[in-house]
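The form predicted alone is given below as one chain in structure tokens.
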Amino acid sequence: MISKRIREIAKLIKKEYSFVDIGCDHGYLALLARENGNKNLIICSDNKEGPLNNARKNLENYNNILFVLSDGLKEVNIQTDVAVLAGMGYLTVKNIILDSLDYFKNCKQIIIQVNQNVSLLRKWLSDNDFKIVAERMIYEYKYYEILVIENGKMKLNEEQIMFGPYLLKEKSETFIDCYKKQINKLNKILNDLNNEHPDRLKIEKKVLKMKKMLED
């Protein structure tokens, strides 16, 4: 069964765009793209033979797909319109981009979904001449934030870095539920901390920021 997360990423890739799926796993993103009518070149890349073989098997009935064993994009030598980095940590994503910066700078779009430290990612992107052009938040056992990136300048304030510029504008039901749950979780932690605990002030400030954001 293909996850909701992968389905949401697939919706963000335009049919007329070629793309590389970095860390392709079972190749489900490529499968969805073909089912959605994308006939352009797709590169399925992974740094392990096992997932790459799974992708080959799942996509054996489709053509114009390349399978590349590669650490990031080091062995990928064909430029695509879009690069997808999903299901990784923030530092892994940052290092993959830095290792192949010219490739990413020549992409029309980059789609990124990191498992944690999304605010750090937004800050790093804004400091390195990338701009966010769209964001999605979905819930599937946990909350996922998906960012669509292009080359260009953007200035983000502290609130936009923390919550996401487009997610803040939309404030979807999923987004609101996410932060209500976070506030409840942090309040429970505060209830167990004494007033002198070194983390108390930091947590209180975070709760206040979330509450203010939801009220605005």
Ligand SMILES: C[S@@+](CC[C@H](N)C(=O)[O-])C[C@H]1O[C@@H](n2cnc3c(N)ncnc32)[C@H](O)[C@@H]1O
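None of the values given here were measured: they were computed from a predicted structure. Numbering starts at 1 and runs along the sequence shown.
Just so you know, the form predicted together with the named molecule exists too; it's not on screen, but the next bit is about it.
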message = Let me test this: is every residue among V20, A30 and V82 within 4.5 Å of the named molecule in the predicted bound form, going by heavy atom positions?
response = no
query = Taking the partner as it appears in the predicted bound form, which of 175 to 183, 56 to 64, 152 to 160, 42 to 50 has residues with heavy atoms within 4.5 Å of the named molecule?
reply = 42 to 50
remark   = Only hit among A86, C107, I132, I97 for heavy atom within 4.5 Å of the named molecule in the predicted bound form is A86
message = Can you work out whether C24 and the named molecule are in contact in the predicted bound form, taking contact to mean some heavy atom pair no more than 4.5 Å apart?
response = yes
message = I'd like to check something about S126: if you look in the predicted bound form, is any of its heavy atoms closer than or equal to 4.5 Å to a heavy atom of the named molecule?
response = no
key: Proximity of E75 to the named molecule in the predicted bound form, heavy atoms at 4.5 Å   = no
ask   = Is D71 close enough to touch the named molecule in the predicted bound form, meaning at least one heavy atom pair within 4.5 Å?
value = yes
task = Just give me the residues of 1 to 19, first to last, that have a heavy atom within 4.5 Å of the named molecule in the predicted bound form.
result = R5, I6
